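One chain is shown next in structure tokens, namely the form predicted on its own.
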């Protein structure tokens, strides 16, 4: 007689995810939703890196026309629509004077997929990956899921990356240096000379540069984004996205561009993972790149105004300081130890007292626990001003 199997059995999950922390950012999204149902006061969220600015109407109208073609309802090649890859190549030629060909472009379901595919394709167990601190938390988790070892590179007091810090961290096991400028969570940028120095330092050590350029289109005060591949095409892999530059976060469309030595193995992982990015999203991305740059002016002007107001709202409060000039993305990363609280304590306090959401610094690394990330992508100027009033009222007696 067959032995009856237990109806309940504990599933043993893979070792690779043992040390991966759930995203605190996604928890904030859920918390905001729950609070909004019970709070009389509107929740003002500076939490998620999301945008409430609509996709430019010109893109939407053209997309509607192209979706009438049955071809837009089908798979594309694994690498992505040829027309989109050609438009990406033209972008790098015209903006950065870098010559690629369409075979060097892989279209993915957002920059996050491009990152994970890249780590899966290139990282072996115990390879060391240099990641700035603070940095987007998914970097660490993705590397760990692939068996790699994260080596933190503390950014300086202006949230810049120094070559001395890189040199001290490099060992015989170092494989990749990850860059993200404009930076999430700080909004800091890289000057042309500093970028050149960093690329030369990595090249001297035989370390591959991966540049997450998701925020390349969002800079202020006439700062021009510096593309790492301007200094080295062979040993720099660029990953980017349409989410932030074109307010297309929900379209989930990104890409990798670089040497075929890297694009080919990444493409293999992409085939297994996604097959191809969403065809309508690829069409929207193509339209965005082929549209006049001027259509983004309204979005950039709005973000520039919000940036001014959010800096004013937070730094006008005793105990909150901003010791650098955030020239990119849509974040500021103030230091709040003067309030007598850590980032965790501060974020919990203003949520309870003022119904304002910010992200504590420990979501982005181990060394900035007295900072908070403030995103100005989702609140209007009047809402930011209102948040400033609430902050003053709830912190004046702390």
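Residue numbers count along the first chain shown, from 1. Just so it is clear, the structure is predicted and the values come from calculations on it, not from any experiment.
What comes next is about the form predicted together with a small molecule, which is not displayed.
- Whether 115, 244 and 252 all lie within 4.5 angstroms of the small molecule in the predicted complex by heavy atom: Judged in the predicted complex, 115, 244 and 252 all sit within 4.5 Å of the small molecule.
- Which residue among 110, 80, 328, 134 has a heavy atom within 4.5 angstroms of the small molecule in the predicted complex? Only one listed residue qualifies here, and that residue is 110.
- Message: Within 4.5 Å, heavy atoms only, which of 159, 262, 314, 139 is in contact with the small molecule in the predicted complex?
- Response: Exactly one residue meets the criterion: 139.
- Query: Just to confirm, residue 186 within 4.5 Å of the small molecule in the predicted complex by heavy atoms?
  - Reply: Flag for residue 186 set to no.
- Task: May I ask you to check whether residue 215 falls inside a 4.5 Å heavy atom distance of the small molecule in the predicted complex?
- Result: Because a heavy atom of residue 215 falls inside 4.5 Å of the small molecule in the predicted complex, the answer is yes.
- Query: Only one of 188 to 196, 206 to 214, 116 to 124, 305 to 313 gets a heavy atom within 4.5 Å of the small molecule in the predicted complex; which is it?
  - Reply: It is 206 to 214 that comes within 4.5 Å of the partner.
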